[in-house]
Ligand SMILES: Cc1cc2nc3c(=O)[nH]c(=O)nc-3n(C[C@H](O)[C@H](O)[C@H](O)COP(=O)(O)OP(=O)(O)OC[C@H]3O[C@@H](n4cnc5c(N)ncnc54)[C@H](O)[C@@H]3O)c2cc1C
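Before any questions on how it binds or moves, here is one chain, the form predicted on its own, in structure tokens.
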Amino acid sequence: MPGTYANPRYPFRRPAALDHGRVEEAGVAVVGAGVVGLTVALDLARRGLRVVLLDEDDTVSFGSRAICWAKRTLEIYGRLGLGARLLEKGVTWNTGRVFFRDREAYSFNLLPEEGHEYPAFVNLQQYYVEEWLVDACEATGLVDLRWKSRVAAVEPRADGALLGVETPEGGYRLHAAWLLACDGARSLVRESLGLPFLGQVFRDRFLIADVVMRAAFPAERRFWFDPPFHPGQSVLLHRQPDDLWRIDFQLGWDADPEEEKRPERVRARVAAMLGPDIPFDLEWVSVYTFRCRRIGRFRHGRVLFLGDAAHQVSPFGARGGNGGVQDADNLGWKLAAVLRGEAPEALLDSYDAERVPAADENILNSARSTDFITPKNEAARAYRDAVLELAGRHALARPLVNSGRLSRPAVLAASPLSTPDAVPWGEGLPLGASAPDAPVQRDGEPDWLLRHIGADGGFTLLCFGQGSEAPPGIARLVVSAVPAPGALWDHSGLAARRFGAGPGDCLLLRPDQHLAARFRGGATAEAVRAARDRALAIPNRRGAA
């Protein structure tokens, strides 16, 4: 198969532990240099921490794999210095279209409002993202990337975990004070701790085909139910850079995965879809089974699980990779605060408290999508087809169509780190939600609000007006309704509306840009400090967090 991308090969570097034979010590070790492992390693390095990153391969992923990067993920990568690069290379889209048999049922816009730096989604092959993350990690000088280093044994301990690492030149032992398991669906770390997945495996299979072609399809998500070119099944189409297109074909549970991956069978399916006038080549094919499940807890002492090592969802909805990046975003600042002595280890319990419900939300949406896409019986299929038929004529039926509820940022509604409102806030950003973006001006130049929230890696007190003062260690960011020196001018009023803030109000944002506290009419430095301490799980005077 021809290729549009040449995988880089990274060199194996002989670790010193192979020579001296002693157990090597590391503060933080990450297992798995996929998207999630690289993201959390970069996040920690940006916060000044050294990380050992172990991977058994010597390159990035093969095949496009995760391709739909949601707006929240793009914002996270913007904070890490890669957002503009993804936006420049990727294919931007906001529109999705759903087809039933030979006609369009309806279309939808995922970003109907203006005033955001990033779009609803960008399509970009996973290997590009991983390659750029590798470059960024190496540029920090704080990430020790160890390729061809397979973790063969894991022994959890009270003070971390002892790893047995195998390399082309022999094995060694590494003790990590903190171990982050990002080693995917077949996680050796998870197996070593005897942690089973809870959830379900769906009885259906899908074929992924990366197809090189020049076609007139626009940059939008297209999903077909029961199309003439693939009767009785469903098909998904996404455009990627480099004239590469992702096509997913539903196969059914009885399909033979190896038989379906044969190039001649894949080519026949693609040709039936495209017709005789569009030439194409195949770049990569794979067959997958839906899985919607997770382990019981994501923190086990000093071993923490992220991404597919912790939870799995079906690809429809783009909740897998985006959910894993949000795991990294949630954990990075907390682990850094603990290691710097700014917070107790109890803060890391909130990783469970916040990301387990987020995973459950993704699993629920993914399972519902799977049930709609792959009906379990004829009654379910009749219901689905009736909904699709009605959706073409009646708007009230369209919310019932489920071709994959697309990834949205988690709202940490029950977070123990949030400070309840002293007075009712009303409409606007709810506690635990990630901050919305808005266009602003700074010293007469166009800018974006999110670029300034958590910009120094710490907490931000967002003040709508000049009233409140931030205590030491918290950055103060003033947003003004009129041009003012040193303030961001909310010239469109969107920032105030999206936060539900009026003159004098202020909000405390965590380092991951999630809302920790709201203060109607302003706040004293002591109130802000107390909210910050609660967000760091620092006990108050009565001993409660």
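The numbering used is simple: start at 1 and walk along the sequence shown. Just so you know, these numbers come straight off a predicted model, no measurement behind them.
Not on display, but discussed next: the form predicted together with the named molecule.
K.L.:
In the predicted complex, which of the stretches 466-474, 82-90, 319-327, 338-346 has residues with heavy atoms within 4.5 Å of the named molecule?
P.N.:
Residues of 319-327 come within 4.5 Å of the partner.
K.L.:
Could you confirm whether residue 518 comes within 4.5 Å of the named molecule in the predicted complex, counting heavy atoms only?
P.N.:
It does not: once the named molecule is placed as it appears in the predicted complex, residue 518 has no heavy atom within 4.5 Å of it.
K.L.:
Could you confirm whether residue 511 comes within 4.5 Å of the named molecule in the predicted complex, counting heavy atoms only?
P.N.:
Residue 511: no, not in contact with the named molecule in the predicted complex.
K.L.:
Looking at the partner-bound form in the predicted complex, is residue 308 within 4.5 Å of the named molecule by any heavy atom?
P.N.:
Looking in the predicted complex, residue contacts with the named molecule include residue 308, since a heavy atom lies within 4.5 Å.
K.L.:
Is there a heavy atom of residue 54 no more than 4.5 Å from a heavy atom of the named molecule in the predicted complex?
P.N.:
Output for residue 54 is yes: heavy atoms within 4.5 Å of the named molecule.
K.L.:
The named molecule isn't shown here, but in the predicted complex which of 129, 179, 182, 163 has a heavy atom within 4.5 Å of it?
P.N.:
The residue from 129, 179, 182, 163 that makes the contact is 182.
K.L.:
May I ask you to list the residues of 29-54 that have any heavy atom within 4.5 angstroms of the named molecule in the predicted complex, in sequence order?
P.N.:
Those in contact are 31, 32, 33, 34, 35, 36, 37, 54.
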